[in-house]
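First, one chain by itself in structure tokens, the form predicted alone.
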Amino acid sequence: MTFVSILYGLLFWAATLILIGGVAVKVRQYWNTPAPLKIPTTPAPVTQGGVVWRMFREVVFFQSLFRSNKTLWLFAFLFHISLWLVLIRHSRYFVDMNELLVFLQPFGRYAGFTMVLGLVGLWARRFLVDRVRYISAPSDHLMLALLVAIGVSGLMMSFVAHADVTQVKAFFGGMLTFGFFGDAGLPADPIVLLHLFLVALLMIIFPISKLMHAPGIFFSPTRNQVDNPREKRHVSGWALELERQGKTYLDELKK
């Protein structure tokens, strides 16, 4: 067991804890944030089942983005669908292979190219479109640079300098079972080490980045509300509590 393997093992344990804990805290914050107004984006569904179907179309096909900007939708959809295929391919490091995973492996391998292409398109938009360039913060560019670097280093392991998949799987298998990172540790390949470091970095900053839009979309009141203000009165919890106490919001402001 090398020092680098132990260091990377501890890094990924810490990154996993930060990722799970950070996302849980942010989701709890989203859950507890009141939605005082009825503000679904119309035309909106009038039943709860319709809301579920709308959210499915938004999450899977990015429906509203498709309606508003076809070019942005193309690069965003290309990146996200490719990312799913790449993640499915990476599942071979953590679970036993079955027929479905074996079938999807080639798709995940070449999806790396379309993932990077989608990211480059999204990144170029932040330079080429005036109004987008004006509102782009340095963190937006750094996040896209990080994702591109992860994608490119992953492609280099698949097509330039092949990584020892068996050794990497043994390393992460040891982590999952607290077996101290396997017997042989990580391969001493700089591209593998760079790729894993960037992935760990992404896991650490994910909970405090704009990538939290992934779980956040489920808590968007413009998407998850039923359009029934005439049939059912909408009132947030804090407003209902004031009403029960015979107070108004203006009374609270005057205190």
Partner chain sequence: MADYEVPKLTGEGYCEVPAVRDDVMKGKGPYIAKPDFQTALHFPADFDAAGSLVPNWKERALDKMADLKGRYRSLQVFLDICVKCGACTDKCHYFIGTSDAKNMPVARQDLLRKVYRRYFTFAGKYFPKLVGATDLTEEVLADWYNYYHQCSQCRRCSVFCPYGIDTAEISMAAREILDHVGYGQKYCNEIIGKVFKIGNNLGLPGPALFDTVEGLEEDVEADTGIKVRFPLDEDGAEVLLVTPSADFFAEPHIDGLIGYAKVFHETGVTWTMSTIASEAGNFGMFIGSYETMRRVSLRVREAAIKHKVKRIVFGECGHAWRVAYSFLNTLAGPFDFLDQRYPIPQHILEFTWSHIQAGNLQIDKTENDDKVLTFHDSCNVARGSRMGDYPGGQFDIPRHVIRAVCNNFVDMPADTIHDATFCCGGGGGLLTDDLMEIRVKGIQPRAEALKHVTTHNGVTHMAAICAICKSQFTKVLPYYGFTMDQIVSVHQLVSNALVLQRQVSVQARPDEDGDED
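Residue numbers count along the first chain shown, from 1. Treat the numbers as computed from the prediction; the structure is a model and nothing was measured.
Form predicted in complex with the partner chain: not shown, discussed below.
In short, of 137-145, 167-175, 108-116, 86-94 it is 137-145 that has heavy atoms within 4.5 Å of the partner chain in the predicted complex. Taking the partner from the other structure, the partner chain in the predicted complex has no heavy atom within 4.5 Å of any heavy atom of residue 197. Put simply, residue 242 is close to the partner chain in the predicted complex: some heavy atom of it is within 4.5 Å. Contact check for residue 189: every heavy atom lies farther than 4.5 Å from the partner chain in the predicted complex.
In the predicted complex, the partner chain sits within 4.5 Å of a heavy atom belonging to residue 29. For the candidate spot formed by 64, 72 and 217, every residue has a non-hydrogen atom within 4.5 angstroms of the partner chain in the predicted complex. Residues of 109-131 lying near the partner chain in the predicted complex, listed in sequence order, are 125, 126, 130, 131, the criterion being any heavy atom within 4.5 Å.
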